[in-house]
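Given next, in structure tokens, is a single chain: the form predicted alone.
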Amino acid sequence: MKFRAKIVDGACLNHFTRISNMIAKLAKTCTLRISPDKLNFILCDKLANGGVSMWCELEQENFFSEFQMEGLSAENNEIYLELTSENLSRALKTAHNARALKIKLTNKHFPCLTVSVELFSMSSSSRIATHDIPIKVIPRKLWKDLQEPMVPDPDVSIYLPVLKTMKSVVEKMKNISSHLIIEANLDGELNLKIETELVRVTTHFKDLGNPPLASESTSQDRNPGHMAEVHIDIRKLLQFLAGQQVNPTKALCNIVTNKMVHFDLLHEDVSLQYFIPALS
């Protein structure tokens, strides 16, 4: 297995660094899937065990000026690596305004993802900062557990409000309750609710809009004002919102009543899907 890639464009480098910072906030460890045309950051804490799942995807040609990889074999031309997300994010911190970034699969007594950052210097020679990130190569037999999660048909699909606003609301609610109810309808309304023995608090968002497909397929069967709801762990929602440093180009919330909430975000050309299971 071989992998080497290079970024020279400053905007691509900064965007890749932001993606890495977001992943570090969403997942302590993650799987990096490398294929000829895509990179994926994957988290698969089984939904059945009450864990969240994440699937982040970027097209390599949008970021890298050079990209070479040889997977396990010709028919299985992919590489799956497990790494500590923060190690990658920390290595890329030095890449801010760098001249170039190289990433390579190496073996230095143990398998590594070696990140080399070429920095600008006052003299004609360039300075290079190198970081060796320990990784585990995931064997072929475990790949089946790391595929893109299936998205069940949602009862309601709705655009999200500004994520910063949503985060400040949820942060305040966390001081009162560890559970949260998200409910939404096909009239563009979304509510965040907490209920305890002593208090009930609801924050209403209106006129958010629903994606056309969702409205057409579901609205024929039912009252558009009817609320679909899901009870979730408030900390898991907060962790997701804390990871969003930049407001995305598109942000959708899909609710499968009493099963899960699925967030579907687009950051320019990077897609992020995040699944939070309902509390049983």
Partner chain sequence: MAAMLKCVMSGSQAKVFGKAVQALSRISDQLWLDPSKKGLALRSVNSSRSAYGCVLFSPVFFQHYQWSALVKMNENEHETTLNLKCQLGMKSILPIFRCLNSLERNIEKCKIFTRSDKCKVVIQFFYRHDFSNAVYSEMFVGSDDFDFFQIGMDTEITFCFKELKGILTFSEATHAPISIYFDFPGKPLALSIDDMLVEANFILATLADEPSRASSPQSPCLSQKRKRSDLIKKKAGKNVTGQTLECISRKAAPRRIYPKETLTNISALENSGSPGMKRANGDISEVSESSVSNTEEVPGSLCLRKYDAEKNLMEVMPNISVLSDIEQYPPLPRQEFGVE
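Here the structure is a predicted model, which is why all the values come from computation and not from measurement. Positions refer to the first chain, counted from 1.
Quick note: we don't show the form predicted together with its partner chain, though the next part is all about it.
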May I ask you to choose, among 176, 72, 100, 129, the residue with a heavy atom within 4.5 Å of its partner chain in the predicted bound form? 129
Among 208, 201, 119, 169, which has at least one heavy atom within 4.5 Å of its partner chain in the predicted bound form? 119
Just one stretch in 88-96, 190-198, 161-169, 142-150 has heavy atoms within 4.5 Å of its partner chain in the predicted bound form, so which one is it? 88-96
Does its partner chain get within 4.5 angstroms of any non-hydrogen atom of residue 106 in the predicted bound form? no
In the predicted bound form, residue 77 touching its partner chain (heavy atom, 4.5 Å): no
